[in-house]
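The data below hold one chain only, encoded as structure tokens and taken in the form predicted on its own.
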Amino acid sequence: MSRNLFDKVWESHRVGALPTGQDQLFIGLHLIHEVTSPQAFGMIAERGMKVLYPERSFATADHIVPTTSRKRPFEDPEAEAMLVELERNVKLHGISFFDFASGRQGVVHVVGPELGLTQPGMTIACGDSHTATHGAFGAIAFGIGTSQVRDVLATQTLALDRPRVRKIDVRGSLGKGVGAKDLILYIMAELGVEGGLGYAYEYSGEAVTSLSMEGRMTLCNMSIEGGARSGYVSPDATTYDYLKGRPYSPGAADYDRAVAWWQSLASGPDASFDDEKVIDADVIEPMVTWGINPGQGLGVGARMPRLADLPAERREGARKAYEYMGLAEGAPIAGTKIDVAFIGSCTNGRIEDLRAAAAIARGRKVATGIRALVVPGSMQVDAAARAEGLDRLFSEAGFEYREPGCSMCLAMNPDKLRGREVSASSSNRNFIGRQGSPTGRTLLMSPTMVAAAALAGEVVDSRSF
């Protein structure tokens, strides 16, 4: 049996074995934002060190950026201080910075791929847990902590435990109105939020290869929510077509040679894996979470599980979820009232996501009393949306169309839930307090489902639109 993509990429970047039993891995691309980098820059400054390979690091601002006004200084002094520190350090070390003036600012996991920085066969690290997004291109991408950001800045390497590799074979086809967000929520509901511990996930099968690059990014983005260290899809023609002509992609003279190399990295039909799971795509319907972790989800036509029917190891978590969410076991998830609708984030803030939501919103109105936000994932996504008139379409329907940023995904900015509000969110986490209110409640779903909920004022099957 041949090697899978993960093993090929790991071995090609492995510097050596460490006494700890870990491998020292060279990191080909390091992405930086304003929240986890200031302390890391401070750590290397204390040691009198410089960034070893500044040309391999790229920075943007996303987490703390207000989506209503970019006027400096920001109203939040802490947010302003973070951005000032990032600006100072990228200038000091000669790191490329996609700021507001560049026209390329945005959520780090949207910006990297759309500029062609993310490419097959790379090792990629970023001080953000959803770095697995970049695995959609056949890269091995890790979210890292601040001390590891320091290590990459100083040495361009990381000390890592090598995970096992699990193949998730998604057979059959996703039905009409069912997409990548529904697929990953279904996988987590099946395998659990700890099901991927110690593993990297390779997503394969007809339902995966038929996804667009945007869909694959959504799929890989939430691998971490299922406990996996990373997630990826082997590169194919869809990958190569997406990357061609992007600013940091190989130029025309080198592109065919690059594609030949990328093709050699893909897992072959006889590739070996440590474990395999089979998922039937035909049974998946639009998904909604009902609890306080992304694995507590179900199809929009289903009823919330009864505690007695759950495996013993999931009952206590479900009990806590029902207590916090104020939902009742055995009740249908459809019809659950919402207060806020949020479309955006590194999971679902790309142009394809906005187009899908706009198709639902076109010619309709947001329900009375619902606060609905649409936040593009980058300045380039925003420009494309405005060129297509999507900003006007959303505004006419009653959505607030905002400037690019992370926004209400984690609410490290003014976009927050208030009190016990219930949010229909296209983001990636429904943890307690995640969207800015310690008592706020989050229902994760796809952009089309969020748009439908905004119009209905409650959870509803988007296919009815």
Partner chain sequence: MASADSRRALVTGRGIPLCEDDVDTDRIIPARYMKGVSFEGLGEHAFHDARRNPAGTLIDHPFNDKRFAGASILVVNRNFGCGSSREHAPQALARAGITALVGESFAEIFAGNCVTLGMVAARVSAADAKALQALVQKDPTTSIEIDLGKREVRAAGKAYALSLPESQLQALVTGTWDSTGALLANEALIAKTAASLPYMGWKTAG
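Numbering follows the first chain given and starts at 1. This structure is a prediction, so every number in the text was calculated from the model and none was measured.
Although it is not shown, the form predicted together with its partner chain is what the next lines describe.
Undergrad: Using a 4.5 Å heavy atom cut-off, state whether P250 contacts its partner chain in the model of the complex.
TA: It does: once its partner chain is placed as it appears in the model of the complex, P250 has a heavy atom within 4.5 Å of it.
Undergrad: Is there any non-hydrogen atom of E323 lying within 4.5 Å of its partner chain in the model of the complex?
TA: No, E323 sits far enough from its partner chain in the model of the complex that none of its heavy atoms falls within 4.5 Å.
Undergrad: Is L52 part of the interface with its partner chain in the model of the complex - any heavy atom within 4.5 Å?
TA: Yes, L52 sits close enough to its partner chain in the model of the complex that at least one of its heavy atoms falls within 4.5 Å.
Undergrad: Quick check on S69: any heavy atom within 4.5 Å of its partner chain in the model of the complex?
TA: Flag for S69 set to no.
Undergrad: Of these, Q148, T336, S204, T239, which has a heavy atom no more than 4.5 Å from its partner chain in the model of the complex?
TA: Looking at Q148, T336, S204, T239 one by one, just Q148 meets the 4.5 Å heavy-atom criterion.
Undergrad: Let me know the one among W262, Y186, F97, F273 whose heavy atoms come within 4.5 Å of its partner chain in the model of the complex, would you?
TA: None of the other options qualify; the answer is W262.
Undergrad: Of the listed stretches (82-90, 280-288, 390-398, 359-367), which one has a non-hydrogen atom within 4.5 Å of its partner chain in the model of the complex?
TA: It is 82-90 that comes within 4.5 Å of the partner.
Undergrad: In the model of the complex, does each residue in the set A101, S427 and S464 place a non-hydrogen atom within 4.5 angstroms of its partner chain?
TA: Negative, none of the three is within 4.5 Å.
Undergrad: In the model of the complex, which residues of 115-143 put a heavy atom within 4.5 Å of its partner chain?
TA: Q119, G121, M122, T123, G127, D128, S129, G143, in sequence order.
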